[in-house]
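Shown here is one chain on its own, the form predicted alone, set out as structure tokens.
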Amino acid sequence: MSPKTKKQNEVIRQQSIAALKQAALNLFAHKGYSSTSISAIAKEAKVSKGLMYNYFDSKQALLLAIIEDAADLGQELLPNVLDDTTDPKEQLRAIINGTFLWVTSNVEYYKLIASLVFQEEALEVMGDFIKMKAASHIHLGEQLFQKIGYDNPRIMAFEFGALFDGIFMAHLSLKEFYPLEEMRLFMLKKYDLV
């Protein structure tokens, strides 16, 4: 048997990293961050514990990598939204529609993030990252609400985010019983975007 090429080794490396992230995502979301061991993650991913440490130097590093992946997925929709039009109402409409699409297409990520917010040890690991992302989203929302002409655009941006949080938390707990599409339409009407 001939040795693997660099390309083959890189494919195996990326597959192992993806398996570790997926295993950790599932375990963190369902068993909790504190209750999940490195050994359990490696076993779930079918990767040796030693190999896992080649890719992530700690459970904290693995958690941050997962959270960064989720943020990157969410950020993918923003440049398109903001570049497609300069009309702040169109941008806000696209953010609402894009966010609903992202969350419903990435339920496991959202479930993980939602569950980790209530886990003290996990929040210590990812707190600064979440605050940085939240500040960026609030700033964007504030700019859009200001351009539209709202009196208190900063508070409107916080309300906007809180509305998303409430809707998606309810969707996670009530699943198909929750009127998700009606809530998307409600948000569009609330901000006069229909």
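All of these numbers come straight from a predicted model, not from anything done at the bench. We call the rigid core whatever largest set of C-alpha positions still superposes within 1.5 Å between the two forms. When you see a residue number, it is the position in the sequence shown, counting from 1.
Only in words, not in the display: the form predicted together with a further copy of the same chain, which the text now covers.
> In the model of the complex, which of the listed residues (148, 65, 40, 169) lies with a heavy atom within 4.5 Å of a further copy of the same chain?
Here the answer is residue option 169.
> Given that the partner is absent here, does residue 10 sit within 4.5 Å of a further copy of the same chain in the model of the complex, heavy atoms only?
It does not: once a further copy of the same chain is placed as it appears in the model of the complex, residue 10 has no heavy atom within 4.5 Å of it.
> Since only the chain is shown here, I'm wondering whether residue 46 would be in contact with a further copy of the same chain in the model of the complex (any heavy atom pair within 4.5 Å).
So residue 46 does not count as contacting a further copy of the same chain.
> Can any non-hydrogen atom of residue 144 be found within 4.5 angstroms of a further copy of the same chain in the model of the complex?
Outside the cut-off, so no.
> With a 4.5 Å heavy atom cut-off, would you call residue 29 a contact of a further copy of the same chain in the model of the complex?
Judged by the heavy-atom cut-off of 4.5 Å, residue 29 is in contact with a further copy of the same chain in the model of the complex.
> Mind listing which residues of 147 to 180 have a heavy atom within 4.5 Å of a further copy of the same chain in the model of the complex?
Stretch hits, in order: 154, 155, 158, 159, 162, 163, 165, 166, 167, 169, 172, 173, 174, 175, 177, 178, 179.
> When you overlay the rigid core, is the Cα of residue 136 off by 2 Å or more between the shown form and the other one?
After core superposition, the displacement of the residue 136 C-alpha between the shown form and the other one stays below 2 Å, so no.
> Indicate whether residue 25 shows a C-alpha shift of 2 Å or more between the shown form and the other one, with the rigid core used for the fit.
Yes, the C-alpha position differs by at least 2 Å between the shown form and the other one.
> Since the Cα separation of residue 127 and residue 36 moves by 3 Å or more in the model of the complex, tell me which way: closer or farther than here.
Farther is correct, given that in the model of the complex the C-alpha spacing of residue 127 to residue 36 is increased by at least 3 Å.
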